[in-house]
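A single chain comes next, written as structure tokens; it is the form predicted on its own.
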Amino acid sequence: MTEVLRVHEPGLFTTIQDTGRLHAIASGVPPGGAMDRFAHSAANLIVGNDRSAATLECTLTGPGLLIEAPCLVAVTGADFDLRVNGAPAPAWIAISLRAGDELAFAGRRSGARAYLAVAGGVLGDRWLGSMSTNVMAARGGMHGRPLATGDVIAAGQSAMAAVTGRGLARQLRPRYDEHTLHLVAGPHISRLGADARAALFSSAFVVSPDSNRMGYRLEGPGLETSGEELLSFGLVAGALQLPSSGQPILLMADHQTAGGYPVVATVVSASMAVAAQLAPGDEVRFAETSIETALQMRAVQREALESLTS
């Protein structure tokens, strides 16, 4: 373990995240983990980590960090105008830093969440097998809270020499600027009438300010459902719930494990990277997709990540 980063500006909401606690869902614990699993995995693979290692998830604004010891880092996901010692630095590529360097972000250009990986993996408190920060339970990561000024971040053993300069080509990255999310029909799609179903796939929705890592409230045309009240059932990230208000809720990484609102559709896994990069006020549309196409989209992303290990 080596202390590699010191926080002198924490950013709006910077937390330690890994791939979450999927094994704990049956016990009622939200899965958590990185919102944009593709960007998180890519950052780790670029610096030679296992994709499950913890990274820093930076929301809307990035932190300012002082480098305490030589390290290799990569920043992926949203474009927050990465700077090293005040000069522009490339994202999606491994960067060697020396003790005394400063890493910062000049401001948000696009996207909502950037991921910073350090060779050896960011280290934090482990809770239920994961270092992911759960702020509601105040567990995991940096003592269950976002980063604060003065925090020191440690990393495991580095593999710097093996991966310096590795990066992911632009054409292999998600198209974060295309705010159309692909959906497969959910278990309660039949509760939507013809007009409501047409509106779901032809209308624009706006991400409400009342949105967070648990889920996005979407503002748009009211979508009416029919049918009797449902018993609670298990939920997954990407589920599109439809409460009685008719305004959809898109479940994200910290979603509740069970609920009783109808799930009329589910965002396919390959579109969840784009969903994770939506910010309040962003407009989003939905496209109905077959399961076969969804699997093909996922395979393309898997191959892109595998290119970083070949």
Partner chain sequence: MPPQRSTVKVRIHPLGDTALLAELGTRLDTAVNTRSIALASALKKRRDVRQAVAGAASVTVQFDPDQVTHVALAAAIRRLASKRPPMEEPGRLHRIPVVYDGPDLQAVASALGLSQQKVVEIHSRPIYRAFLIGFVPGWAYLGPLPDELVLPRRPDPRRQVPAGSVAIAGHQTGIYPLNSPGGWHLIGRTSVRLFLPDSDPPSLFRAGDRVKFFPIAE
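The structure presented is a predicted model; accordingly, all values stated were derived computationally and were not measured. Residue numbers count along the first chain shown, from 1.
Omitted from view is the form predicted in complex with its partner chain, to which the following refers.
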Only one of 267 to 275, 40 to 48, 56 to 64, 242 to 250 has residues with a heavy atom within 4.5 Å of its partner chain in the model of the complex, and that stretch is 267 to 275
Though only this chain appears here, would V263 touch its partner chain in the model of the complex if you measure heavy atom gaps against 4.5 Å? yes
Would you classify A169 as touching its partner chain in the model of the complex, given a 4.5 Å non-hydrogen atom cut-off? no
Proximity of A198 to its partner chain in the model of the complex, heavy atoms at 4.5 Å: no
- Heavy atom of G28 within 4.5 Å of its partner chain in the model of the complex: yes
Partner-free chain; cross-checking its partner chain in the model of the complex, the single residue of A137, A148, A106, V152 with a heavy atom within 4.5 Å is A137
Note: exactly one of V206, I93, A185, A89 sits with a heavy atom within 4.5 Å of its partner chain in the model of the complex, namely A185
Those residues of 114 to 128 with a non-hydrogen atom no more than 4.5 Å from its partner chain in the model of the complex are W127, L128
